[in-house]
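A lone chain, given as structure tokens: the form predicted on its own.
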């Protein structure tokens, strides 16, 4: 290896380190300052405490916003998986030329900036006199994550042989029996992955929620409101918990995908 190649290698390694540091340093600092206090730009090493986390447990507003986020996420998962499967199955089995337009309609809210999607839904709900609430947030989140759920399920359906369902019908199975005993076991893993991913996106979504929320609040919105008054240890603790929760969900999705790929290989 020549000297120039060595210099290039070290330069690329240094750039990679800088990029990684720029991406993860804010996260590390957020977690760090959830345990320590900073005074006049200096860390008080004697201020280590779990108090910000224990305060979150006993703060009613934080718990209510967390429960609201979980409610929105769970209902969004149920609605998006059911609707996503219906449209994916229709797209997969239908020979209509309109199915490409259907795919465009499904992907449009996801491709547009969330602020446009949220504002459009806000105007729509106002025109039909539907008051803003957690249910309107669920509708907004479902429309937003539907594209991902649709694509994940459709990709799995396209790997299945058409003869699979036809054989079930030939053996006398009804549509429900063919779905429950033949199709569902084959796409179950994709439904789980799509649901987990939809929940993760719903939990973190802020802009659409901000437009569609009523008198209630969700965890990201509550956190955003607290950040407007300043970054306290409690705010850092809230951010840390969200990071841990979303990271665990992403790791769970990756683990499920990895196991499924190993089963396919063997």
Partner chain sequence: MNSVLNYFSTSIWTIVSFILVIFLILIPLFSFLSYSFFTVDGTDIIHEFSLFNFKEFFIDEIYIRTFVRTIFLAIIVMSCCIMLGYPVAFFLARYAGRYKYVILLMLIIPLFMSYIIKIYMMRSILGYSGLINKVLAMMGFIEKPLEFFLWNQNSVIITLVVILLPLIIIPTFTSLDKIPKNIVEASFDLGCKPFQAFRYIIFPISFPGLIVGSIFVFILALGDFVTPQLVGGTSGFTYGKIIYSNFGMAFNWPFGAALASILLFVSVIIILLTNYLTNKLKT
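Positions refer to the first chain, counted from 1. In this text, rigid core is short for the largest set of C-alphas that superpose within 1.5 Å between two forms. Keep in mind it's a predicted model, so treat the numbers as computed, not measured.
Separately, the form predicted in complex with its partner chain exists; it is not shown, and the next lines address it.
> Tell me, which of 63, 27, 70, 241 has a heavy atom within 4.5 angstroms of its partner chain in the model of the complex?
Going through each option in turn, the one that passes is 27.
> Taking 4.5 Å between heavy atoms as the contact cutoff, choose which of 102, 192, 157, 78 touches its partner chain in the model of the complex.
Contact residue from the list: 102.
> Is the gap between residue 49 and its partner chain in the model of the complex 4.5 Å or less for some heavy atom pair?
Residue 49: no contact with its partner chain in the model of the complex.
> Please check if residue 207 has a heavy atom lying within 4.5 Å of any heavy atom of its partner chain in the model of the complex.
Taking the distances in the model of the complex, the answer for residue 207 is yes, it comes within 4.5 Å of its partner chain.
> Should residue 131 be counted as a contact of its partner chain in the model of the complex, where contact means heavy atoms within 4.5 Å?
The answer is no: residue 131 has no heavy atom within 4.5 Å of its partner chain.
> Can you work out whether residue 236 and its partner chain are in contact in the model of the complex, taking contact to mean some heavy atom pair no more than 4.5 Å apart?
Although its partner chain is absent here, residue 236 would touch it in the model of the complex, with heavy atoms inside 4.5 Å.
> Does any residue in 84-110 get within 4.5 Å of its partner chain in the model of the complex, counting heavy atoms only, and if so which ones?
86, 87, 89, 90, 93, 95, 98, 101, 102, 105, 106, 108, 109, 110, in sequence order.
> Quick one: once the rigid core is lined up, does residue 19 have its C-alpha move by 2 Å or more between the shown form and the other one?
The answer is yes; the displacement is at least 2 Å.
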